[in-house]
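In structure tokens, one chain follows: the form predicted alone.
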Amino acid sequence: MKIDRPHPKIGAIANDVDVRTLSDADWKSLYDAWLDSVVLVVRGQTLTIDDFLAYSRRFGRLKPHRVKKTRHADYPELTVMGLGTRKPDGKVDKTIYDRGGGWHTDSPWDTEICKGTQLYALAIPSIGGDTLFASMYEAYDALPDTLKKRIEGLKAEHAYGGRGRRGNELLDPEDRQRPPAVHPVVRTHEETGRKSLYANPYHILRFQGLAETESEALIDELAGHMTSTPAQYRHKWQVGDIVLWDNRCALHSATGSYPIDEKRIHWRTTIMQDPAEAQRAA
């Protein structure tokens, strides 16, 4: 197994490995590379659904995604991304085509912390469809001290789709008005001990304890810092890629811009933080 680093602060790419037959030692090497690099890519895999779920479970407990309509019918822990980009009338279904666009971390609208998201590429378009990642460790470290003091102890409310409820139509009606989840804006990673920003620009509603105008201004100010960090990695997908990112310390964004009649299909799993990790965070 060979692990390369495309950027010193973010991203690790593993080649010459089969995740179906990983030894404990090789799996630990992958896990450590993931913790250190925020995003882990494993190239050249040929997996069944059972293979992919088994590999995902090595990282933690899997949870079915809140968007029920894109869950696999026989495997609720598996989401199938990229199907149905055209409506029956032939028009582009932007909620499917653009899903994952806009800088965000996954599942901040859940009261549990989403440890990681893992995608496995089944079909990739000829151009476009890349995914961008940014390290929120580095974004936090680069903040001016005055801004660090302003946000220390602040908590943010998140809901699916944020203030504009974007993509809300993907949810079943009973899930659209769930109460917001509340998380600290600055969080300490349970396994690395590093501080990072956790103020999702896409799914955030408000900062608690601030007037609306102050909250809106602070959201915009922090989002600028979060998305401008030079600690970024752009992943150009290949069929057979598995990409895992750490939602506790990363933002990501799908770039779109691929031909609508070409397929971009992934399997996805949502990996949750276990209770012991959550207790350490508290």
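Just so it is clear, the model here is predicted, and its values are computed rather than measured. The first residue of the shown sequence is 1; numbering continues from there.
Heads up, the form predicted together with ligand OGA isn't pictured, but that's what we're talking about next.
Taken together, the three residues Pro201, Leu205 and His225 all stay farther than 4.5 Å from ligand OGA in the model of the complex, as judged by their closest heavy atom. Although the partner is absent here, Glu157 lies well away from ligand OGA in the model of the complex, with no heavy atom inside 4.5 Å. For the chain shown alone, Gly162 is not a contact residue for ligand OGA in the model of the complex, no non-hydrogen atom being within 4.5 angstroms. In the model of the complex, ligand OGA sits beyond 4.5 Å of every heavy atom of Ala250. Not displayed here, ligand OGA is kept clear of Pro180 by more than 4.5 Å at the level of heavy atoms in the model of the complex. Stretch 251-259 is the contacting one of 36-44, 55-63, 251-259, 226-234, since its residues have non-hydrogen atoms within 4.5 Å of ligand OGA in the model of the complex. Met81 is the sole member of Val185, Met81, Leu78, Ile124 with a non-hydrogen atom lying within 4.5 angstroms of ligand OGA in the model of the complex. Of all the residues from 253-271, those having a non-hydrogen atom no more than 4.5 Å from ligand OGA in the model of the complex are Ala254, Arg264, Arg268.
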